[in-house]
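First, one chain by itself in structure tokens, the form predicted on its own.
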């Protein structure tokens, strides 16, 4: 089944996600406007600067349509800043920072350190078969706590770094930067399953 997966193209590493989604046999498109959001079967919110993405989403008239579609069950995957955008609560938000929400979790921004403290680590992710995924952590958040509806998929160094709740998936790290497209494959499968359910 062919699915169209958008990448929120306001700021951040958009191109790498487009490549990874294409490798996962999805049709990948940039999303900047509400009418483009309305045409996709799933959406990736990329890494970047979460405060900037939040403010641009409001500016481009995307924040409320995003919230509505996520509430309606749109499959969505957030990496790094995208994880922050999908959190129902940020522990230490910047002034004026908003989230889309969708995952019952509290996230701490830049928890693993500053840009010069970026690192890579092997991460075992529930639902991804084979060897561990190489996680690239760049000013990465971690999850302080999850609610009853959220499932922890991976931890690193005692901290939660991957979570799923229904059709929403989030990772602290950047699998799109590694050439390993299994996490994007997992998300594409979530999108296909959701579309199949909706077409019954």
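Keep in mind the model is a prediction, meaning the values are calculated, not measured. Numbering follows the first chain given and starts at 1.
Only in words, not in the display: the form predicted together with a small molecule, which the text now covers.
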(request) Could you tell me which stretch in 56-64, 22-30, 161-169, 137-145 has residues with non-hydrogen atoms within 4.5 Å of the small molecule in the predicted bound form? (result) 137-145
(request) With heavy atoms only and a cut-off of 4.5 Å, decide whether residue 49 touches the small molecule in the predicted bound form. (result) yes
(message) Taking the small molecule as it sits in the predicted bound form, is residue 81 near enough to touch it, meaning that at least one heavy atom pair lies within 4.5 angstroms?
(response) yes
(request) Determine whether any heavy atom of residue 109 comes within 4.5 Å of a heavy atom of the small molecule in the predicted bound form, and answer yes or no. (result) yes
